[in-house]
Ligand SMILES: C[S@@+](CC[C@H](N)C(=O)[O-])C[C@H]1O[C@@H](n2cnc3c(N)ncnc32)[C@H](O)[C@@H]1O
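Only one chain is shown below, in C-alpha cells, and it's the form predicted alone.
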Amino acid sequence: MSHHSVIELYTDLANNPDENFGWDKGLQNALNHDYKDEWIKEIPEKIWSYCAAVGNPFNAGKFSIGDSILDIGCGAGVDLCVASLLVGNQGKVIGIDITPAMAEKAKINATLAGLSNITVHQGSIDKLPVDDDTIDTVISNGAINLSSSKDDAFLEIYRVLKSGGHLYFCDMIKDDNNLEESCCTTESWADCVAGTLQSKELIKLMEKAGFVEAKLLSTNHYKTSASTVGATFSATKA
C-alpha cells in the first residue's frame, strides 16, 4: 500500500469517524480490547469514536510515571491519551503519524482531553523525527504494517529507544491457522492489510534490527480478512 493511499484512507477516517470502513472501531472496539474503565471515564467519549485499535499494547508490559512514550502511527490520538494518563505530568508522550489530518486531529483531541504532556508530529515511520536513545517505550497499534520498509521502521524504533527500552505493538499478521486463504489486492485495506507477514517473519525483522526477547504475546479476535488476525508483540533494546 502506497503512502498516498494510506494518507487518503486515514484522512477520510479523520474527517468521518462514524463511517463504516469495514473493520471494528469506536468505543465498543476499545471495550473489546479490554481498555480499562478508568481510561474510558477519563478520556472524552468523542475521542473514543476514533479507536480503530487492532489490539491493546498497554497489556504488553509496564508503564511508569515519568516515562517517555512514543506512539508510532498515533492516528487521532486515542492511545496517546491513554499513555498520557499512565506516565503522568512528569512523563512525556510523542505521537507520529504520516497523515496530516490525523496528526492535526490528535493535537485537537489531546487538547480536548486536557492533556498537556502530549506532542504530535506529522512524519514517517521510516524516518522518525526523534533523537537517539531518548524513549523508554515505543507503542504502535496497526501502523507498522503500513510501512513500505519494515526493516527501516524497526531500525528507527531501535535507534530512538534507550538501552533496555521496550517496544510493545499490535498489528495484523497472517493467520497461521489459515495460510491457504488468499488475501485480496493490496489496494483494499478493508479486506487485507498490505504487507501483512507471519509472526515469525516480524520477529526475525526485530531481531535483525538488534532487538532481544522479541516475541508474539497473543492473538485476538480482530480480523481484516479471512487470512489475517490481530496480534500483540514485545521486544527489548539490548
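One rule holds for the numbers: they count along the sequence shown, beginning at 1. All of these numbers come straight from a predicted model, not from anything done at the bench.
The same protein also has a form predicted together with the named molecule, omitted here; what follows describes it.
Colleague: With the partner absent here, would D67, P129 and Y158 each sit within 4.5 Å of the named molecule in the predicted bound form, counting heavy atoms only?
Modeller: Per the other structure, none of D67, P129 and Y158 touch the named molecule.
Colleague: Counting only non-hydrogen atoms, which stretch in 75-83, 161-169, 112-120, 130-138 is within 4.5 Å of the named molecule in the predicted bound form?
Modeller: Stretch 75-83 is the one.
Colleague: Does any heavy atom of I43 come within 4.5 Å of a heavy atom of the named molecule in the predicted bound form?
Modeller: Flag for I43 set to no.
Colleague: Does the 4.5 Å heavy atom contact test between V87 and the named molecule in the predicted bound form come out positive?
Modeller: The answer is no: V87 has no heavy atom within 4.5 Å of the named molecule.
Colleague: Please tell me whether any heavy atom belonging to C51 falls inside 4.5 Å of a heavy atom of the named molecule, as the geometry stands in the predicted bound form.
Modeller: It does: once the named molecule is placed as it appears in the predicted bound form, C51 has a heavy atom within 4.5 Å of it.
Colleague: How about L146: is it within 4.5 Å of the named molecule in the predicted bound form, going by heavy atoms?
Modeller: Yes.
Colleague: Going by heavy atoms, what in 210-238 lies within 4.5 angstroms of the named molecule in the predicted bound form?
Modeller: The stretch 210-238, when checked against the named molecule in the predicted bound form, contributes no residue at the 4.5 Å heavy-atom cut-off.
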